[in-house]
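So this first bit is one chain, no partners, the form predicted alone, shown in structure tokens.
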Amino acid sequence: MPRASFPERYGPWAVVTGASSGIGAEFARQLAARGLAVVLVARRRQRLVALADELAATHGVAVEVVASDLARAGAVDALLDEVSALDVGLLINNAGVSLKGRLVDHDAAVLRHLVELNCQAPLALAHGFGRRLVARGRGGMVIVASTGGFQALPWSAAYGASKGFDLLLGEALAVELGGDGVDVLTLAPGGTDTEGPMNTGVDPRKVPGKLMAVGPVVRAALAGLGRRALVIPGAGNRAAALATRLVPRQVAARAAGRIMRRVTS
């Protein structure tokens, strides 16, 4: 898609959740570089303000900051109200949390928080912003899933299941909303060099292959938006995702479990 048409189709405003670091922050940078105004959404206000100052200074775009925990009851409705006056043409549904270890060793409240943030919030955001995009007759939505959602993920069972939810949600919405002028892309990164893996005890030295930088991951997503329904950045990640479809599901689960135990031990 030519650069000039991107703001016309997906602007003037984009909402990016989980924008305080990692993939979300990189989406904000690359969208601002394309001329879109950006609403930054995450829990950590100080980081959002610093990123907003950077984007305004570097790209001269308007930036709004919304400090919010999207797992909290009513947070999605509050966000929708806060940006109701903005002509939002693109939603980057990125906020999420990971969790490693045996399911039974985690506190139930931690598991509920993961489901609220990784499943309930993306669903509510897709519904609320999806209605607005359909009404305007154009726009886009990116739902960030993971290669961990292609098979059962022992020692990260809740996270893998939540990303499977996001994967299927995005692929379904691509069909449902495509006829209304709304492009829906599901992004399924593999191991990516962000705070998330390290914060959950992953040893990057034990991860098969090299962790991808956030820049190529986001570039692949934006290049695919409007062209395909699913983007898996990296040839190795695409091959691994394909392999899960060629073997029995239990075989794929056991293989994934061996990898998870190795990278977190």
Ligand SMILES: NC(=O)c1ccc[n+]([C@@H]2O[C@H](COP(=O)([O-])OP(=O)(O)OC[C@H]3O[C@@H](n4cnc5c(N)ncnc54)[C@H](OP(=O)(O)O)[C@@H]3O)[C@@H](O)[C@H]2O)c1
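Computed from a predicted structure; not experimentally measured. The first residue of the shown sequence is 1; numbering continues from there.
FYI, the form predicted together with the ligand isn't displayed, but the following is about it.
Interface residue among 95, 167, 125, 141 relative to the ligand in the model of the complex, by the heavy atom within 4.5 Å criterion: 95. The contact residue chosen from 133, 145, 184, 153 relative to the ligand in the model of the complex is 145, the criterion being a non-hydrogen atom within 4.5 angstroms. By the criterion of a heavy atom within 4.5 Å, residue 11 is excluded from the residues contacting the ligand in the model of the complex. The ligand in the model of the complex is approached by residue 43, whose closest heavy atom lies within 4.5 angstroms of it. Taking non-hydrogen atoms only, residue 244 never approaches the ligand to within 4.5 angstroms in the model of the complex.
Proximity of residue 30 to the ligand in the model of the complex falls outside the 4.5 Å heavy atom cutoff. Exactly one of the stretches 125-133, 169-177, 68-76, 81-89 approaches the ligand in the model of the complex with heavy atoms within 4.5 Å, and it is 68-76.
For the three marked residues, 18, 189 and 192, a heavy atom of each sits within 4.5 Å of the ligand in the model of the complex. For the partner-free chain shown, nothing in 127-141 comes within 4.5 angstroms of the ligand in the model of the complex, judged by any non-hydrogen atom.
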